[in-house]
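Here's a solo chain for you in structure tokens, the form predicted alone.
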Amino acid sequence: MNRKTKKTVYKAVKETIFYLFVTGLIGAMLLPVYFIISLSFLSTREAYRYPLPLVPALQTKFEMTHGERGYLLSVYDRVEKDYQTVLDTSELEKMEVYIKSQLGTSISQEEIQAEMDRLDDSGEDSIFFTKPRNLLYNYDTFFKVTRDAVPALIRSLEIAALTILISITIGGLAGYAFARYIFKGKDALKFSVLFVRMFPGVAIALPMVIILAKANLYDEPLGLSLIYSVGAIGLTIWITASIFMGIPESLEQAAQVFGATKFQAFMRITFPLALPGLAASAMYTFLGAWNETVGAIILTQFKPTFSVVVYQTLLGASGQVNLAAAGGIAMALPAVFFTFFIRRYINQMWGGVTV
């Protein structure tokens, strides 16, 4: 093997190792995401089986025989690969509730009665039947049984929108001032805006309870938005200041030469060019306000945010981790949609192509 061939083989081995490492890293990051998504679709009975099924069943297989108390219902277990008895009763309502709540399968009392009649008329020891799974049962149940879930979802969207509005307005203007003007103490002041982010959120939230209560903003969306904006404004200033510094001031001056006012020059020239930075700031602000839980627990009582509702469900839903998983996925979707919506501006800021 000559020297050139050795270099080619060595380069191929390095590339293979690199791609295997990247693939493994991506798989390690996506595995928990897949796990929580899969768990959100599992029935309660599946969610507490070991080993945990990685793929939810699309249908439920039943076996019905005569039992001591009425009719003996068995369910096919994918782990044991056999039917396991789950219920012995003649009460239609009890059987319907169990099938829906524990197996996540939609079935009516009329359908159950029809299967009982088929067993009695067949003269056989048992009959088998299959019903499709309702894969969205956990999501439907979460919003039905969880206290204040839908209002909390709307309230969280309102809080996130207000936080973005406050932080972008104040932080964007401050970032523009840091980028365009020279004044005494500029560097120290720019550094100090991040000082508040050095403190834990719970440390800031505790004294804020008294301040918000005196301002009649405790347990109100606006009060939470103001608290969330405190940390978001500092980050927005740093992002937007860097963006504005990258936009030549000569562009604004040129627009003013042709008759535009300073405000018009900003809105028509600088603002469109700064949209990627503003979009990035809005994304970080939205994610911070949307996912904040500790501060929301302290600063709310009767009007919780959606993150608090999911947190309370996780703590209080004994035997219902699949419902908490469904709530977690429902909480993640707005953040995913928001990030997807502003992706074109993020790509521009990172040098990508506008899509």
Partner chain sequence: MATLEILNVTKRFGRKVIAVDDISLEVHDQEFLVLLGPSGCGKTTTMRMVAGLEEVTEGTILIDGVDVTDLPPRKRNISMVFQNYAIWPHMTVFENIAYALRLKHMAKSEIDRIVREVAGMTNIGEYLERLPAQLSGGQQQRVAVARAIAVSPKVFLMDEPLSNLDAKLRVSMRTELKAIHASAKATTVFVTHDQSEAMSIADRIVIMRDGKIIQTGTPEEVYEKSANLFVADFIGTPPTNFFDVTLQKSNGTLHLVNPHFDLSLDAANTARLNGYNKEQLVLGVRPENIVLTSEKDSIMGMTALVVEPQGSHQVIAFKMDEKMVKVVAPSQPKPDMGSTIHLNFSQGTLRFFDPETTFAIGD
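Superpose the two forms; the largest set of C-alphas matching within 1.5 Å is the rigid core. Residue numbers count along the first chain shown, from 1. Bear in mind the structure is a predicted one, so any value in this text is a computation, not a measurement.
One more form of this protein should be noted, the form predicted in complex with the partner chain, which is absent from this view; the next part is about it.
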Is I112 close to the partner chain in the predicted complex, meaning a heavy atom pair under 4.5 Å apart or at it? no
Touches the partner chain in the predicted complex: G259 (any heavy atom, 4.5 Å): yes
P272: touches the partner chain in the predicted complex, heavy atom cutoff 4.5 angstroms: yes
When the contact criterion is heavy atoms within 4.5 Å, does A255 count as touching the partner chain in the predicted complex? yes
Each of T5, K11 and V13 within 4.5 Å of the partner chain in the predicted complex, by any heavy atom, yes or no? no
Give me the residue from S126, S101, S106, Q264 that has a heavy atom within 4.5 Å of the partner chain in the predicted complex. Q264
Taking the partner chain in the predicted complex as the reference, which of T130, S250, N216, T85 has a non-hydrogen atom within 4.5 Å? S250
Quick one: which of 114-122, 264-272, 143-151, 86-94 gets within 4.5 Å of the partner chain in the predicted complex, going by heavy atoms? 264-272
Between 191-229 and the partner chain in the predicted complex, list the residues on our side with a heavy atom within 4.5 Å. none
Kindly check if the Cα atom of L275 is displaced 2 angstroms or more between the shown form and the other one relative to the superposed rigid core. yes
Indicate whether K144 shows a C-alpha shift of 2 Å or more between the shown form and the other one, with the rigid core used for the fit. no
For K262, does the CA position differ by 2 Å or more between the shown form and the other one when the superposition is done on the rigid core? no
